[in-house]
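This document starts with one chain, in the form predicted alone, laid out as structure tokens.
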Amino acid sequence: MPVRTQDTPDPDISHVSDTALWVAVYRAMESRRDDALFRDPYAERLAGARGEAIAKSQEQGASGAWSVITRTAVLDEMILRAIREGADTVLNLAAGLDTRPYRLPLPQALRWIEVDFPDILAYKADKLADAQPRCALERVPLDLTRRDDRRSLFDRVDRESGAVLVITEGLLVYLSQDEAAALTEDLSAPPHFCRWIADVLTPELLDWLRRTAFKSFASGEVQMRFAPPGGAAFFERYGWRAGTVRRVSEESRRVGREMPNAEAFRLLTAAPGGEGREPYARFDACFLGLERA
């Protein structure tokens, strides 16, 4: 199915790439703040009318922006740290409308490779035709569900690189457990794939989101499906260990972008002996900085 990225106010999410338009709306929203955690001068033009329509159509509306904004800001920090510590290539899988090669202070010699469906990359290239990336940027149109094709890409990137940082921002949740396991296995094979930044939900949080704030992602054409059982332990069986685990609830408080009613959530989960303590304490998401075991 082609990705419908034309500038129309159609709110339907019929392809996973449509979520990139939605996320860009929240980046644009943050960029307009006087105390913005990041500045993305391209987000508004990338989101367009469809992005605005999609964001308005979601059950949680603008109140759901906090998690995307927190994720963007924290992953910025994690990416820049990995580059400072030696990553010479960034492989961004399901890159969508990410603009980090244009807005982050990156070394010119850094190689940044964006991989996604052809339509979304073509749309992005058109919208950013007048922008100049700060590093060596390459775009690879590829359906990542085609396992042989992605393995060939991984092999090529591995041969051409010294230390690769992989990013799967917002990707894993849309995979089945078997698909996530296969991707994790494939990322374990190339010896120069040294680091991997991923965001994951707990099973309890995924179940709650599918029943409440994201009902449309429970049975629609685009579904949220993956939350690793055991959290970071899921990746250990494939040779990855979590060098960094940053919880969304804690990070959103640190950067000043907490969810609505966050204080009530903290009181509920911190109440000694409270009946809801154990279940609610598992309602979180994590940013994982995975490293070779």
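Worth saying up front: this structure is predicted, and the values here are computed from it rather than measured. All residue numbers refer to positions in the sequence shown, first residue = 1.
The next section is about a form of this same protein that is not shown, the form predicted together with ligand SAM.
My question is simply whether Leu171 lines the interface with ligand SAM in the model of the complex - judged by any non-hydrogen atom within 4.5 Å. Within the cut-off, so yes.
Would you classify Arg195 as touching ligand SAM in the model of the complex, given a 4.5 Å non-hydrogen atom cut-off? Contact with ligand SAM, no.
Interface membership of Thr212, ligand SAM in the model of the complex, 4.5 Å heavy atom rule: No, Thr212 sits far enough from ligand SAM in the model of the complex that none of its heavy atoms falls within 4.5 Å.
Non-hydrogen atom contact Leu206 with ligand SAM in the model of the complex at 4.5 angstroms: Heavy-atom contact with ligand SAM at 4.5 Å: absent for Leu206.
If we take heavy atoms and a 4.5 Å cut-off, which stretch out of 187-195, 135-143, 103-111, 78-86 is in contact with ligand SAM in the model of the complex? Stretch 135-143 is the one.
State the residue from Val157, Ala94, Val74, Leu201 whose non-hydrogen atoms include one within 4.5 Å of ligand SAM in the model of the complex. Comparing distances to ligand SAM in the model of the complex, the residue within 4.5 Å is Ala94.
At 4.5 Å, heavy atom to heavy atom, what parts of 27-56 sit next to ligand SAM in the model of the complex? List them in sequence order, or say none. Heavy-atom contacts within 4.5 Å come from Arg27 alone.
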